[in-house]
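Presented below, as structure tokens, is a lone chain in the form predicted on its own.
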């Protein structure tokens, strides 16, 4: 039976995509530039210059020297999104003049972020019901921090969207022909976006194994082909392991090139798997659909990454190894958590759960938490028939897939040695799946409430109960988002006591430097002509000028000593910077600042 949504739900999903995209575009002008974003602006422009050169002189553009020169800047991240940022900027800003420079870069990020509500509704409507899908879609985007990150020309929201799309395609592939191919193609796009996608195959592997065993039960020919595939993979892994032992890991990486033994092993593995897959598709379609998504991911994923990242073209193995090494040994930025400045591991095991609980509005945190707990209990109940009547229907394999992915990123970031900074953005891939579970709980609660009220208010329209309940639960999040926009990284929910309560708890008040937009109006109005302005922790000085947010005559200062105006971000780990301003300016009294609910975020000093 197909898992495709109905025509009505497809239309609703498309409407959610258009509405989300339009809302993000309409509200982006106020959103400041985080530190990483300005780097990606520059990388996007550099990538599009290479594309221009590719059209003019393709023979030279694809040489090792030119591709390295074009993509060496910010090579710690794949080029997929940066190419899209640059192309969008070139077309919609420079070419058509429809948008300001920042919006030109951000449009692809809006499109991917808008896919999340659309997919959540399409999936939720089939899995749990239309009302559940609609609540899940609105729930995700209504959260203040999600809404903020959806605006940025960065990689965190795009990779969350692509993670969701890969898992959705994987789910559809079990029943619908052709979706295994989409799984592989989308995984390639995810790999070309951010390294988070590397964890998708191990997350999906248990479900592939379970599907394959279930589909091949009682089918000797299909089971034999599966065993042959497993033997081929094990043999290839053993050969590669032997090469690593003989050559040492460093020598193995250095020696891997187009004509090396390792390349031959990988090529033979790919050919063998393709042959076995073709034979399996003829032997049993159900078993083929079970394993084909993972096979497509294994083949098309690396191919997609390689195709859109010219930096890898001539030195794929050693550069990919350097890419992995960069993220495996990522710098630990200081981050304030419950009054302690976290600077190095081990980090608190409960950090991710605590930050999630403090930043989410309670009206959405509760159905997410209850939904996850209910799923866990029902999954356990499925193992014991005596428990099923008490805990309800056991969780289906589809629900377990949702729950597994709801926890995956949260568990990964929770390891004490993994860098803990950036707030919720590093476990964003988990949040759409938690929204799906919340949608199910709200629909169940709405049905129960409607049945309860029907006995007491017979004329009450039962169909209106769940939408009203959903609207009431969404209202606090939507209100908080509207109240704090564009300062979404300062958002804290009721458990933290809002922004003031989070400050009293000793939590990080903001993410990087985007809140500086709250004082640029004062700087533009009061800074002397040609003044030197120090924007602490801001690398986007020229981008603010380029987008008309900062006067063109103002000059960037290197620090308090040579500045006429100092704009200091309130970070606990940078308090000595404010003291340096007091000493250089001869005053400790700010002239203005950004105060959210009377909580200092950015303060401005002017030299006497």
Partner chain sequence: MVALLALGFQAWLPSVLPQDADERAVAEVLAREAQAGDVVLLHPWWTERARLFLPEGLSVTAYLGDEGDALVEHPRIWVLSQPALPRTPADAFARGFLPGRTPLGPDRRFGPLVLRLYRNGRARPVRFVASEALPTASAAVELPGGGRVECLREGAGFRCPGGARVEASWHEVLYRPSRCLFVIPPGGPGAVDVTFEAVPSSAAVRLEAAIVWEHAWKHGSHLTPLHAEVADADTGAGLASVTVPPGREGFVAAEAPGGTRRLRLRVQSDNAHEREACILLRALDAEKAAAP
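Predicted model only: the values in this text are computed from it and were never measured. Residue numbers count along the first chain shown, from 1.
One more form of this protein should be noted, the form predicted in complex with its partner chain, which is absent from this view; the next part is about it.
This chain is displayed without its partner chain, yet in the model of the complex the stretch 489-497 from 489-497, 321-329, 74-82, 280-288 comes within 4.5 Å of it by heavy atoms.
Under a 4.5 angstroms non-hydrogen atom cutoff, its partner chain in the model of the complex has residue 480 among its neighbouring residues. Mapping the unseen interface onto this chain, residue 579 counts among the residues with a heavy atom inside 4.5 Å of its partner chain in the model of the complex. Its partner chain is not drawn, but in the model of the complex it has no heavy atom within 4.5 Å of residue 45. Proximity of residue 472 to its partner chain in the model of the complex falls within the 4.5 Å heavy atom cutoff. Of the residues given (339, 218, 241, 178), 339 alone sits with a heavy atom within 4.5 Å of its partner chain in the model of the complex. With contact defined as any non-hydrogen atom lying within 4.5 angstroms of its partner chain in the model of the complex, the contacting residues in 586-608 are 587, 588, 589, 590, 591, 592, 595, 597, 598, 599, 600, 608, given in sequence order.
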